[in-house]
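The chain below stands alone, shown as structure tokens; this is the form predicted on its own.
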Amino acid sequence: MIKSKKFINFILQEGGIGLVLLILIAVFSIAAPRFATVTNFSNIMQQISINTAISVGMTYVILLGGIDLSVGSSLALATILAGKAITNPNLPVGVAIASACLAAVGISMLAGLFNGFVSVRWKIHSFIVTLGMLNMARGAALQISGSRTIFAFPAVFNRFGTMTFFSVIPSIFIIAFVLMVIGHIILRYTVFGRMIYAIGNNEEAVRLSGHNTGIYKISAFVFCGFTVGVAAIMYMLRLNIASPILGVGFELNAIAATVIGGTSMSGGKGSMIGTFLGACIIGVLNNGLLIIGLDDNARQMVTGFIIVFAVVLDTYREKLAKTQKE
């Protein structure tokens, strides 16, 4: 009985998530010969990059027992401000690119600061606050852009976006991977990371021990905003456009990747490696289904099922953890 519980626990944690990923790759490789090619694996790495970047910040928020529904809209707003900066004819190319990066990251962090401050100051659940920010950011993006797409970015910016290393690894995947590694190091090896876990497990105990939990919670939302800003630049690098209608549904993919990766919706449990594997599973699944011939509608249905499955899986993890404690 004890061995069976340990095996189930393994399946629900990083080892099992990695095993599921390998099984998916094997199944699609058999079902569709075009799947197991270097070119397609490069495409998958490119496709999962943006979701990975957003999921890094989402992991911090969910570890606190919160959620951020505004990441997709914040990304759209960030691309619009960055797009206006990078296409400004009065700025030298280098200055325009630097200004675009600062604009994207800056506005996303401000959105995160708003989400965190309002949630902490007035003790409103982040679901409600970020739902409001979702509409505010989307409206601001449409207003500032005049509902128009921005394009014609500098050639050097576009070249970096299409660059691959060793003819396989896309440049934006490296950005996402580095961001994931930084998120992992902060979470596992710093006081801030340990406090995120502690607050997610028992916020009242942390508060009674003399720590200002509000600062850590606000900081987590700001960090989530930072990752959204980086993801916005990555999106511009990949597609060479900035649009106010970008990012619809991105929050759902990020939540799904985080929860599938083992992060508990109630907070306090999870890892960055698990989140990365969760993003890989979603990317492989979407890519494989596309190759075997499923249309967009069917793949959207599958994505919805994954989200429901992730929440059910999280509930099962919680029950298993309680059983083991008893």
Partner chain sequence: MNDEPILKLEHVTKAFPGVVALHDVSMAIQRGEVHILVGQNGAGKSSLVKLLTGIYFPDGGEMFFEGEPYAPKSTFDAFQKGIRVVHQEFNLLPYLSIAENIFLEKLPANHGFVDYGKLYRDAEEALKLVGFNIDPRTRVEMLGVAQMQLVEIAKAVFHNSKVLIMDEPTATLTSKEIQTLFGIIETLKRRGVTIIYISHRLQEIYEIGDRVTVLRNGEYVATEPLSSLTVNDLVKLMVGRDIGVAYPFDAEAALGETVLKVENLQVQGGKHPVSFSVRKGEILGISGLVGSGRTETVRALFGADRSAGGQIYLHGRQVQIRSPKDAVRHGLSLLTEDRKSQGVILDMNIAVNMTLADLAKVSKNGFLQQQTETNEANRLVEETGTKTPSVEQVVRNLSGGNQQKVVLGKWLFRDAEVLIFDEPTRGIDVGARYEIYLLLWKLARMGKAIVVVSSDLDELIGISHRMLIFSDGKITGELDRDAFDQEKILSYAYEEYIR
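Computed from a predicted model, the values in this text were never measured in an experiment. Residue numbers count along the first chain shown, from 1.
Below, we turn to the form predicted in complex with the partner chain, even though it does not appear here.
Can you tell me which of 76-84, 237-245, 222-230, 180-188 lies within 4.5 Å of the partner chain in the model of the complex, counting heavy atoms only?
Contact-bearing stretch, as computed: 180-188.
Of these, 212, 147, 167, 135, which has a heavy atom no more than 4.5 Å from the partner chain in the model of the complex?
Only one listed residue qualifies here, and that residue is 212.
Which pick from 205, 128, 152, 156 sits with a heavy atom within 4.5 Å of the partner chain in the model of the complex?
Of 205, 128, 152, 156, the residue with a heavy atom within 4.5 Å of the partner chain in the model of the complex is 205.
Hey, in the model of the complex, is residue 195 touching the partner chain, heavy atoms inside 4.5 Å?
Residue-level check for residue 195: yes, a contact with the partner chain.
Looking at the partner-bound form in the model of the complex, is residue 201 within 4.5 Å of the partner chain by any heavy atom?
Yes.
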